[in-house]
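Below you'll find only one chain, the form predicted on its own, shown as structure tokens.
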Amino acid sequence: MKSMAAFNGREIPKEDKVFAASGKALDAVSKYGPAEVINATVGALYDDEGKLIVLKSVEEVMKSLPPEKYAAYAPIAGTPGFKKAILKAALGNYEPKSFTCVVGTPGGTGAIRNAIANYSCPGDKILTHSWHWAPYKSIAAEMYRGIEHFEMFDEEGRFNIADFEYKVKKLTRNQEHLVIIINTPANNPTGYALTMDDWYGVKRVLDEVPLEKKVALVLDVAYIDFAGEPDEVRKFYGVVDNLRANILPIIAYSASKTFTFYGARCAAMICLAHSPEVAEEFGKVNSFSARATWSNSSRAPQEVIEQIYADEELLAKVEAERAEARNMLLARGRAFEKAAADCGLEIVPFSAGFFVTVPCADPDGLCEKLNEKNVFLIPFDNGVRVSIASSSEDKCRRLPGMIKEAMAALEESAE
């Protein structure tokens, strides 16, 4: 007997491409040293010496927690203080018009999972953009849903509102429920952010959805606090807030990234509901799903975030440290963008964030070619993802030329 698993129609790869590429990079670092390797695979923020960045102010609070603040179970939806604090963290200075409800989740992945579980049905298609975080598909497949995507960009490199509209109309003709996932600002893998005009286009399309259809608009804002000036990158909330009664915006907010404790797996899903009844239902169904999967999230990061937002001086320290890290990341992005333009390397439209994407015909082949130079990237279906979050500004300047050279060598060997 060679297998005992019930695959249930799922396509399960032999290995995760991200972690496989990261493993190769770490092996190269061990063999040749960090200075000789460009590890642009990691979805976490590293300094120029290749060390994980952890905000010192956050670290100090974490280390100061007494046992009862990290060892005790947290309530299923999160501690009351955490839910109040995370709402402020996610929304910033934006004051919502809608009725809000918060449910804590273990990372943004948990928020995506619960949104799909509770606002779509088995057999439904989940709609997202063509350039998207690959686990959306596997999360949907685990719950017997599929993925439909709209082309993210039109021929002029602008957000493709026409294809978005076409796919929304197509799916709502056949489904009572529709979950739409839009990952912005600082999209993974492209770094793109929808403009305000893009958002007004999204709102127009959603305003035309028949009232008998129910749409959950999931806003995956995992990288929002590294995408630009905090109030500026949150302006779009004003467009999606208080939509029609059959549209439910859900913010998937990753505190793991914002507070640089990735392994603590701390996040929340927040609704902007049209009525108090829908907000109350949101808390009930998502708490039920949490209980049936991970039960409750880690208490320690919840206590840390509650303490930070209860102390104005401490919050100011956290925000100042984060701003410094954000400025470093933005400088890396601009350096990569300029170097790409200088050498004629095409990149997918980029605004800010952890990643840049280079479109190409043979992503796996390109990554293998770059591995020969101790450069490690992540292959996607139609391109390669470059983590500027884990690459110094100097390496970001060098990478475009190296990628361009490897692409030329790959094309030459194919002739």
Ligand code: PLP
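Residue numbers run from 1 along the displayed sequence. The model shown is predicted, which means the values in this text are computed figures rather than measured ones.
Just so it is clear, the following notes concern the form predicted together with this ligand, a form of the same protein that is not shown.
- For the residues A85, I126, A273, I112, the 4.5 Å heavy atom test against this ligand in the predicted complex is passed only by I112.
- Note on contacts: among W199, F164, W133, Y237, the single residue with a heavy atom within 4.5 Å of this ligand in the predicted complex is W133.
- Under a 4.5 angstroms non-hydrogen atom cutoff, this ligand in the predicted complex has D220 among its neighbouring residues.
- Taking non-hydrogen atoms only, H149 never approaches this ligand to within 4.5 angstroms in the predicted complex.
- Although the partner is absent from this view, S256 contacts this ligand in the predicted complex, with a non-hydrogen atom inside 4.5 angstroms.
- At a distance threshold of 4.5 angstroms between non-hydrogen atoms, G107 is in contact with this ligand in the predicted complex.
- The stretch among 91 to 99, 220 to 228, 311 to 319, 341 to 349 whose residues place heavy atoms within 4.5 Å of this ligand in the predicted complex is 220 to 228.
- Contacts between stretch 176 to 205 and this ligand, counted in the predicted complex as any heavy atom lying within 4.5 Å, involve N183, N188, listed in sequence order.
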